[in-house]
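Only one chain is shown below, in structure tokens, and it's the form predicted on its own.
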Amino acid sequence: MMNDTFLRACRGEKTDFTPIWMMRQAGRYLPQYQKSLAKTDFLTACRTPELAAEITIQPVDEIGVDAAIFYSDITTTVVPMGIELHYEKGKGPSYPNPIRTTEDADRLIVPEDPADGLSFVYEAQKICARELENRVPLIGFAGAPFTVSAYMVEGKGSNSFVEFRRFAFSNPGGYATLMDKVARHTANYLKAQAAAGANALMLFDSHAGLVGPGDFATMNLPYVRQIIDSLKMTGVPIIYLPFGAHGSLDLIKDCGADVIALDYGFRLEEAVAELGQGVSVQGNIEPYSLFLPRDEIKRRVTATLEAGKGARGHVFNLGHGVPQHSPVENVKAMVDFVHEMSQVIAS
């Protein structure tokens, strides 16, 4: 029988303990992952269904999390739209043909069939769904339109995304075309993931904090709502991570998601109070807590559980991804502490 604690917490139902999974839990800190990637590269791993499924499941086997997050990357989804993608070792993703004009945005394709150019994703997820059927849920995901568009315009990763912000503010027509196309493609992509076996869907808005609350409300949030509205028919819980959008919770709480994921910049108890009982929360312990002594990890886990106990439902997670070189034994210990202390707090 599946451990459905994660799904129950997403829906705000009673759970026997607080479920935990970690962003980037299928990653470089795991020796098994390093072994899997020793003879290939990141993009090839993402595009090889058997290998992507193997990496997805590793943290379930090794650290005992309550959900598996599919192994992929938000940047890969736009290739079928007509964008070239390269990964340079040590430099991350790059798009040699970035979007810089209205004409560039007009040329983008929204594939009628979400499997066009992305069939490897759904093949891998079907393998995961079979392997995890009686174990834990599988989380499918995509990047939110604002974040994905930032990469498409900038052409690479950036701390400031100057080209993207310039484009967004100086060319509202081209920006609207870009965002609408990415939103429609993303919705189709996520629907297909649910059909392939994903039990929950997460929208990563890693660059939501690039603009303030007023611009977030007009330039970003409508497209998030557009996607979430179209996903309701899947019947699976939807998680939205608005990373860095610390002044916009009053808007975010009504975006339609079942769960709002909170980064480490939020005070969890205050965010829970502002979000109210209409949504569950996910997060948000400091990721580098994983490098602390065990007793301090346990203390911080307990404090985070206390801060989240007033939420409709609480999914324990880091406030960002698992850092590279995190001690595996500490990652395992955090999982165990969450399971143990959440039951102590509830008793």
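Quick note: we count residues from 1 along the sequence shown, nothing fancier. Since the structure is predicted, the reported quantities are computational estimates derived from the model, not experimental observations.
Unshown form predicted together with a small molecule; subsequent notes refer to it.
- Of the candidate stretches 130-138, 70-78, 210-218, 258-266, only 70-78 has residues whose heavy atoms lie within 4.5 Å of the small molecule in the predicted bound form.
- Contact with the small molecule in the predicted bound form, defined as a heavy atom within 4.5 Å, is made by none of Y95, R166 and Y223.
- Using a 4.5 Å cutoff between non-hydrogen atoms, K309 does not count as a contact of the small molecule in the predicted bound form.
- Not displayed here, the small molecule is approached by R24 to within 4.5 Å at the level of heavy atoms in the predicted bound form.
- The small molecule in the predicted bound form comes within 4.5 Å of a heavy atom belonging to F42.
- Using a 4.5 angstroms threshold between heavy atoms, Y151 counts as touching the small molecule in the predicted bound form.
- Checking N188, S206, T177, T234 against the small molecule in the predicted bound form, a heavy atom within 4.5 Å turns up for just one residue: S206.
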